[in-house]
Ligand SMILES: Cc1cc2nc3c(=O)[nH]c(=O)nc-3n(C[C@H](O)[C@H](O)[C@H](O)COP(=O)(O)OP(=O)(O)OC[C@H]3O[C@@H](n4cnc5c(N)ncnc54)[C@H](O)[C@@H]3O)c2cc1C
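In structure tokens, one chain follows: the form predicted alone.
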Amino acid sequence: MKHTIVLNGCSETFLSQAEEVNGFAAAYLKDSRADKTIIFHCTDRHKPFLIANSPTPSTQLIRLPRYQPEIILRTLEQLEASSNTELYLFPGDFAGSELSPRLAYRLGGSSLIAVNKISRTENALTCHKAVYSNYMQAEFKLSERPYCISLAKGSTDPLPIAVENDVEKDVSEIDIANQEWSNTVLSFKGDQKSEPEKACAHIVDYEFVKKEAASGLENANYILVAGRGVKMKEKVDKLHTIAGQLGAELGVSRPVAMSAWAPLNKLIGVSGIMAKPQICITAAVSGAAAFYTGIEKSKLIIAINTDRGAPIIRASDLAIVDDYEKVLDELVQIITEAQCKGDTSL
């Protein structure tokens, strides 16, 4: 099966996108022939970085003035209409989830977002994804080519791009950044660019809003998670201090984030961060399936909860049925005393 990867080089998360897709391809597309990686980007300054981290030997760079889905889709449609690519693979970010179904519609194919596993038969692509708030795994068969899928966050372990100094990558470039972007797109005829043609501009105005700083949870080795059972914002703030004393990152469950007791960039679970720490301590977390998905790849899960029947107690490697404040206060005291004695083993 011939497949093409599409990445958003305008995003700060480009590297994680590339490694995510590379890991998925290594796991499920070993017998597939990679055609190329198409990378949309906004500045020539990043070109060497984008090329070096392209998951395939062949790369097509398309330069835009900014990320604009309608223009990206029209460009893909025109460039790929005559292609015999069977599968288009998008990462699991916001752009991949939007672009994959819209491209499938334009190319007469079929699509599915948030896919965590695939297998292929002669006449269909079988995709697996979590459904019903992650309580079940569903199987879908896509029959109309091309298949356009985006990945589920954390579906596979990221795989760094291998850099082979003696292999020169095949790179082609298209620059459409200097067009009147708000109401035009280019028509492509073979390798030649024709005059711009009018198109509907879905974005008439925009502004950039500085996003919250990254929490560091995705790559943290040690995390402490606050759950609904902490009961108030002041307790979450105290846990943030304790996390710092323990050398950990603080994460929260969905009820805590939705109560505005912590910023959304601390949310762990299906709709937030998929963490893979060495140690995860949960404090007053019930352990619903949607949350547990965000920590299930932890090397060691320690649950502290007064309810011995909570799902997290059964799912953890070590369970402490007690008040989380008392347990954590004692843990901080033990670590502090060890550090004062010069013991760095803790």
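Quick caveat: nothing in here was measured; it's all calculated off a predicted structure. Note that residue numbering follows the sequence shown and begins at 1.
The following text describes the form predicted in complex with this ligand, which does not appear among the structures shown.
- Taking the partner from elsewhere, residue 158 is found to have every heavy atom lying beyond 4.5 Å of this ligand in the model of the complex.
- When this ligand is considered in the model of the complex, residue 305 lines it closely, a heavy atom lying within 4.5 Å.
- Using a 4.5 angstroms limit between non-hydrogen atoms, residue 231 touches this ligand in the model of the complex.
- A residue is said to contact a partner when one of its heavy atoms sits within 4.5 Å of a partner heavy atom; residue 216 fails this definition for this ligand in the model of the complex, lying far away.
- Contact check at 4.5 Å (heavy atoms) against this ligand in the model of the complex: none of 85, 109 and 150 pass.
- This chain lacks the partner; the member of 319, 62, 34, 290 within 4.5 angstroms of this ligand in the model of the complex by a non-hydrogen atom is 290.
- Only one of 76, 270, 104, 176 lies close to this ligand in the model of the complex, with a heavy atom inside 4.5 Å, and it is 270.
- Stretch-level contact check against this ligand in the model of the complex with heavy atoms at 4.5 Å: of 282-290, 23-31, 47-55, 65-73, the positive one is 282-290.
- Residues 253, 254, 255 are the ones in 246-266 with at least one heavy atom within 4.5 Å of this ligand in the model of the complex, listed in sequence order.
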